[in-house]
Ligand code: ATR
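So this first bit is one chain, no partners, the form predicted on its own, shown in structure tokens.
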């Protein structure tokens, strides 16, 4: 029996990667490689630990080595905004880059992923996309069965991931956003942006005094076993929330989510967000629909040791 093309690594193998710091926890290689395998593509996806001060050279290195694309995770998403040649409208809109496509011109002179292009020229550009915003909304909507319109939400963290989440929630017409972050200047900037672009959304700094519909963790607290909770339990009672969402997906259950479930909240982690943002990146690079079912099974197996959430 002939082996699928993805079982062989050779001079024709196309490469993609995720850059992060840290990155060893990443499950992206598991489900992206399963997607390539499902479509019988001779592609590989790897995880590379890249420190912030070497991100620019890492992107240029991937470009020089012929990589098709790169995903960016913490702490690179905002840093990369001025490290690409062109920003897709999605990256301009949300102010962060989580997907890079190395593009060349096809026979019609149109820029497209060099995983698709039949171009033979050496000119290559670096294009930045944001696939996180749509993914976070889809995941919350599906995994928590929550229509966000008119809802009140507490967002913990206003960094790269938190900022995109806050702006997407505002676009989804939540009624009120409570923002908590260690660096107050980021909240002030976000508040001004929301007032300008989404004037119908009320923004408050700090923890809510009344009940809310959702609390969302957009910090990295929970990645390590020794991490503290992402909120101050002396200032916020988790039982005031109806649902909880943690953008962290590994570990599958953080202390934050464990506490939320113990209080009877409907809770979900970032597995859905990871899947959907990765599937969109897959489609940008390959020009083909992502095999979501196969990718989902591989992701769940990586996180939970099973391909179903029963």
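Numbering follows the first chain given and starts at 1. Keep in mind that what you see is a predicted model, and the values were worked out from it rather than measured.
The discussion below concerns the form predicted in complex with the ligand, not included here.
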property	result
4.5 angstroms heavy atom contact with the ligand in the model of the complex for residue 219	yes
4.5 angstroms heavy atom contact with the ligand in the model of the complex for residue 128	no
Partner contact for residue 186 in the model of the complex: the ligand, 4.5 angstroms, heavy atom	yes
is_contact(residue 95, the ligand) in the model of the complex, heavy atom dist at most 4.5 Å	no
The unique member of 113, 90, 152, 181 whose heavy atoms fall within 4.5 Å of the ligand in the model of the complex	181
Listed residue that, although the ligand is not shown, lies within 4.5 Å of it in the model of the complex (heavy atoms), from 161, 135, 174, 72	161
Location of the ligand contact in the model of the complex, chosen stretch of 233-241, 194-202, 211-219, 97-105 [non-hydrogen atom, 4.5 Å]	211-219
